[in-house]
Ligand SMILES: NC(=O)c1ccc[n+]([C@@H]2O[C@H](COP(=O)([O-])OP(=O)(O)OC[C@H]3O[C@@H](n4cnc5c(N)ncnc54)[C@H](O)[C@@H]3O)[C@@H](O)[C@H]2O)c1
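Single chain ahead, by itself, as structure tokens, in the form predicted alone.
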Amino acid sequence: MYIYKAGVVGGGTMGAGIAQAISYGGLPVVLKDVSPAAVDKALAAARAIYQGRVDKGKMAPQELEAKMALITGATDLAAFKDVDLVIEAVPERLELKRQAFAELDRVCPPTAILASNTSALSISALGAATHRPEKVIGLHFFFPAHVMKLVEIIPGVVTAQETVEDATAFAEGLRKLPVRVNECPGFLVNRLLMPYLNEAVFCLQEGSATMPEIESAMTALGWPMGPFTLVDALGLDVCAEAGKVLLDGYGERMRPAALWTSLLDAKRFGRKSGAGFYRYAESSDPRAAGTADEALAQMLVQTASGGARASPGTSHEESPLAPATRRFSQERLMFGMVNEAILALQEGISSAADIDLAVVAGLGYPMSDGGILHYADRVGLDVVLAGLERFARELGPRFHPAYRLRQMVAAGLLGVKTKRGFFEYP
């Protein structure tokens, strides 16, 4: 089914960005929010994206107006009576999203696809709120939607293959890179990212390394920014919500470090609140660097002395006092991410090629490295396995190696050095 007209429910930062991306792809789109003021704000946000292109000489002013003419604001769901696809982009609360889907089911044509931009919530649960679960799918755009190319395509348990194909074609028509992700807690990118970020926080909390040391070590591997800068950009509250979903879904290996709680309790949500792992001076430049401050130093002292309130169920493995074996290394962050990627592959969540594409397109992982599984092949799967086993002994079961990794090492598929690992090499 070709998508001739689309809709977006929710005119927040993501909703406005998605609507702009759809109009940029040449399709008319209805952007709905709860009030005229909210709609005007969303339309202004979309216009600002286009104005940025005009200011850079990438678009003529008349083209800006032509693209904006494709976006229609609305406060009534009746505006979706003739759409072929609608994307829900309301806040990440399951009941709120289920309510939105039930309402859309009543007003949209029976042939319309109902999609969600959720980053973690169950697509199957959203489909169950409708009479068309076979037409319900996840279309997870990444922030900022007008820049990031990756879109996770997430079918629920009863989503029809035709819906998957139509959603994929729609994303491709917007010049995005769609990646098929079978439903699981956190989907793919957040599932791989959080162990990486969480391990960075463990290393800082334990005193294994300072923030500058950790940041510089990871950017030296080719990451576009260090883990703490990334968390502050994403928002600690957003990361915490994703962490809850992962903890509920996967248990102890996703247990967050206690320092997260200290920062959240202090309402240090990142750049948007003026402080997160770093403190940010008021600046019109969103790229302005943050600085460390005394408040964070005090939190580290309190955490090290056991004064911080740990996350529920925190085990002795997470004691902030760092024994001699707890030393920082790039591998501590990378190998946990590799292991989660292998578990996702083992579970059939995505193919090896799509996992690597998602990490490159969704997280900015260096394209020259090929992706996280290519990284593992280059390091050597036997080296990765030995490292995970050592970390599991020293740091706990969050590093317990995936069975698929053991299988491959036993079979002599060690990566580049044997010309075959997750990929084949000449």
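Just so it is clear, the structure is predicted and the values come from calculations on it, not from any experiment. Numbers for residues come from their place in the sequence shown, where the first is 1.
Quick note: we don't show the form predicted in complex with this ligand, though the next part is all about it.
Contact with this ligand in the predicted complex, judged as any non-hydrogen atom within 4.5 angstroms, is confined among 137-145, 254-262, 342-350, 209-217 to 137-145. For residue 96, a non-hydrogen atom is located within 4.5 Å of this ligand in the predicted complex, even though that partner is not displayed. For residue 183, no non-hydrogen atom is located within 4.5 Å of this ligand in the predicted complex, even though that partner is not displayed. Mapping the unseen interface onto this chain, residue 9 counts among the residues with a heavy atom inside 4.5 Å of this ligand in the predicted complex. At least one heavy atom of residue 91 is located within 4.5 Å of this ligand in the predicted complex. Exactly one listed residue, out of 386, 34, 68, 392, brings a non-hydrogen atom to within 4.5 Å of this ligand in the predicted complex: 34.
Comment: this ligand is not present in this chain, but in the predicted complex one of 163, 303, 198, 117 has a heavy atom within 4.5 Å of it, namely 117. In this stretch, 395-426, not one residue has a heavy atom within 4.5 Å of this ligand in the predicted complex; the partner itself is omitted from this view.
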